[in-house]
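Only one chain is shown below, in structure tokens, and it's the form predicted alone.
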Amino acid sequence: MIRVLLISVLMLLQALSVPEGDSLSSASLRDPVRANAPERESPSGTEAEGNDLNVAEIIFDHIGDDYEWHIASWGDRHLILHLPVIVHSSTGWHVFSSRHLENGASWEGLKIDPEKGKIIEADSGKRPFDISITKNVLALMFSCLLLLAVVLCTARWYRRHDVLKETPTGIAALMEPLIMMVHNMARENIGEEDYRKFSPYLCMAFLFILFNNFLGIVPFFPGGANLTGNIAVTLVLALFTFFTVNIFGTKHYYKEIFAPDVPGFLKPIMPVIEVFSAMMKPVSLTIRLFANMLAGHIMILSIVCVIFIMAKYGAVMLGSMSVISVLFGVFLDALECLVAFIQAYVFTMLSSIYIGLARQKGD
């Protein structure tokens, strides 16, 4: 509920800060700094209309990556964290602040492509080798530091206390049921003999996904980044599971793939099916986490945007739809909190099942 109200208030304050006579365009809600800049001509040579609220533009700007992190706005003043740009172009390495690329400006022969939002060479339009610290990268660093701090604090409590005589308190009390849940899951799905080897990976995967899912729900800095709604992040997580499964797979696991015990006429077909099945496992892990978290962000933002769409239909429609939007948004926000936990649990559970299948010894 707090998240929906904060998003609504921040967008409403931005809308109220538009001078009288100016239209409430999507640019003013999406990026106040670029909205206040002089208008640039579109590729067709005509000025952008900007008279109607472009909901799609607002949503995709909020869920996308960027070279800066817009934190807050007060009237014409904007608090923006400009992130470092680190690229290698045809002229060599370039390291500078993204402040120099604001409002379509060029710096050291580089600029931001207005269509794709990525840095390109101003002359040729080619993409340089880009290892910049973007919004998602900074969010990833923060979540990793937060996770490391939580795990170390939990381990510190257990080192200093006798678990048989004392009940965990503080962060340890919060983390113990989560860790034991994953520990028991690994034991059940992998087996008593091997589960201790893979339990640390499963625990860290669960906590990493859970932390980033909930940080993405927080509407203010350093939360709000759509990290687990980024398919590159979910793909890397799925590849960790994929390589763990196939590197530590037993002979029985590979025999079932390449030489299964099936009738002779199925022997040429089954290896193809089994290999395809093995390749689809990381794909399913990737898309499931990515799609569910991305959909949650889009639904929340869409509901909030309904308030501003109704603004042009009068006070009655605006007031009634605002109440409905906030109530429905609160429901979706609560649902997204549930989905954030479920998706972390499902990813970890499926990973443990895949590892367990690969560790089977056979008869």
Partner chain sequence: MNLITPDSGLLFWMVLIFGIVFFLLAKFGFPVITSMVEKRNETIEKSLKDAKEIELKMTEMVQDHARMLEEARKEQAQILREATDSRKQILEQAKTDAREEADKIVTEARARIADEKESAMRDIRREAALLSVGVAEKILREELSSEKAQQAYLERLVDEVARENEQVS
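Numbering follows the first chain given and starts at 1. Note that the structure is predicted; figures quoted are calculated from it, not measured.
The next section is about a form of this same protein that is not shown, the form predicted in complex with its partner chain.
Peer 1: In the model of the complex, which of the stretches 277-285, 96-104, 252-260, 195-203 has residues with heavy atoms within 4.5 Å of its partner chain?
Peer 2: Single hit among the candidates: 195-203.
Peer 1: So, residue 267 and its partner chain: in the model of the complex, are they within 4.5 Å at any heavy atom pair?
Peer 2: Heavy-atom contact with its partner chain at 4.5 Å: absent for residue 267.
Peer 1: State yes or no: in the model of the complex, is some non-hydrogen atom of residue 140 no more than 4.5 angstroms from a non-hydrogen atom of its partner chain?
Peer 2: So residue 140 counts as contacting its partner chain.
Peer 1: State yes or no: in the model of the complex, is some non-hydrogen atom of residue 158 no more than 4.5 angstroms from a non-hydrogen atom of its partner chain?
Peer 2: Residue 158: contacts its partner chain in the model of the complex.
Peer 1: How about residue 108 - does it come within 4.5 Å of its partner chain in the model of the complex, if we only consider non-hydrogen atoms?
Peer 2: No, residue 108 is distant from the partner.
Peer 1: Quick one: from 112, 85, 185, 207, grab the residue that has a heavy atom within 4.5 Å of its partner chain in the model of the complex.
Peer 2: Residue within 4.5 Å of the partner: 207.
Peer 1: I need to confirm a contact call. Of 232, 174, 272, 72, which residue comes within 4.5 Å of its partner chain in the model of the complex, counting heavy atoms only?
Peer 2: Among 232, 174, 272, 72, a heavy atom within 4.5 Å of its partner chain in the model of the complex occurs only for 232.
Peer 1: Run the contact test on 130, 237 and 240 with a 4.5 Å heavy atom cut-off to its partner chain in the model of the complex and return yes or no.
Peer 2: All of them do, each having a heavy atom within 4.5 Å of the partner.
Peer 1: Using a 4.5 Å cut-off on any heavy atom, which residues of 149-164 would contact its partner chain in the model of the complex?
Peer 2: 151, 152, 154, 155, 158, 159, 161, 163, 164, in sequence order.
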